[in-house]
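Before any questions on binding or motion, here is one chain by itself as structure tokens, the form predicted alone.
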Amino acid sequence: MASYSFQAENVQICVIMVGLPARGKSLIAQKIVRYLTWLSIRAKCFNVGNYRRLETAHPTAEFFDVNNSEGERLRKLAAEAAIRDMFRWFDQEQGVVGILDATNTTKTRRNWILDLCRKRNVEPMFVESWCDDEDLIMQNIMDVKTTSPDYVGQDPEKAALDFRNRIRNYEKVYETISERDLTYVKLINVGSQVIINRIQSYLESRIVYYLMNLHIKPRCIWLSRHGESAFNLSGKIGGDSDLSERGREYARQLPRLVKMSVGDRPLTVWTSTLKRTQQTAKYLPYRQLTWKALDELDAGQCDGLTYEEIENRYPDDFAARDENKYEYRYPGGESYRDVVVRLEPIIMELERQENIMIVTHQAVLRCIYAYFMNVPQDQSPWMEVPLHTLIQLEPKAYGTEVIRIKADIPAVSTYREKGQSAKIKK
């Protein structure tokens, strides 16, 4: 399977975020970066607030008042610095999609950015998050007051009050996008309605397709490998073996671990089609769905072998996989890149859903974890993901929070460091 990176050749796009504070712009911007990077498309977010904080770390709402000329000057300087760095990134690092994360609430500011992009032959694409859902706005305000760098160390209630006043200052000058000659996507109440205008390239259409699947409601994703299997005990890869006795014990204890983390929230469990994941999820009292796309990486002619056997029979392949594990494809099988491509529908559906638990396999879990944590491709195949561990991911505006819950059940280690043969550890 080919990657999507060839589609982006000779194209540079500036995604310009638009919207009032507490509308999920930063979260959306970070999601776009994660998604495109995961698909091997060079993407980077340039957050104007980060540049502004270099000069004004903890401004009050008055700083954002339209009548505050000094505040306006400093905000403009921050925007100029972010755009300058973005263009430098396009030129020096062959960047493909730069995301300018800021409010950009006035036509004057947007036209200024538009002109700069067109002079550099960069395609401008506006993404506006428009929201009047008070519950969602309040949830975002509560999130910002505890996670935004602007309010570090401040009283949460005072931070929330100041942030509301900041929003009111922006509301005085806010002009929604309506120009018919612009390329834009307008997300109304985070996806309940999507307006698309003048999408002109393949890559823009990919971004639109992704945005149409997004929501920014609070939610968590839980990940777990299947319990220890018979193949794990013997050091073999692939196959469709049953759980070991310790793996079955993990399955019996998993409902308790999940309940501790999930509480009373509704949950849906996804498994692969292979026996070891379904046996692991057997006792979970939630709705369950089976996905072929969640099956383990296909080891082709090496399926059912140990790493020692692969090294002895196919020494060149063993060395080639260590050299570039992400790109290496087993003869008759798959690479990590292939797994990413087949997982794209899973990612799209994950972004549409709220609380989901996935019981899957080592390579697949690495790819999903890499998406949410923005792990570089060359590192993701080497991440250690132990058996009998429940991982909770909670996406936030400024990153994804991770909690790992280890079950008190021994298991073999299936982790192999680069350059080493597998050595099963009891």
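All residue numbers are counted from 1 along the displayed sequence. Quick caveat: nothing in here was measured; it's all calculated off a predicted structure.
This next part talks about the form predicted together with a small molecule, which is not shown.
If you check the small molecule in the predicted bound form, you find no heavy atom from any of 236, 238 and 415 within 4.5 Å. The stretch among 260-268, 164-172, 298-306, 227-235 whose residues place heavy atoms within 4.5 Å of the small molecule in the predicted bound form is 164-172.
The contact with the small molecule in the predicted bound form, taken as any heavy atom within 4.5 Å, belongs to 102 out of 102, 223, 117, 159. A heavy atom within 4.5 Å of the small molecule in the predicted bound form is found for one listed residue only; from 27, 48, 363, 391, this is 48. Contact check for residue 372: every heavy atom lies farther than 4.5 Å from the small molecule in the predicted bound form. The small molecule is not drawn, but in the predicted bound form it has a heavy atom within 4.5 Å of residue 75. The small molecule is not shown here, but in the predicted bound form it comes within 4.5 Å of a heavy atom of residue 64. By the criterion of a heavy atom within 4.5 Å, residue 34 is excluded from the residues contacting the small molecule in the predicted bound form.
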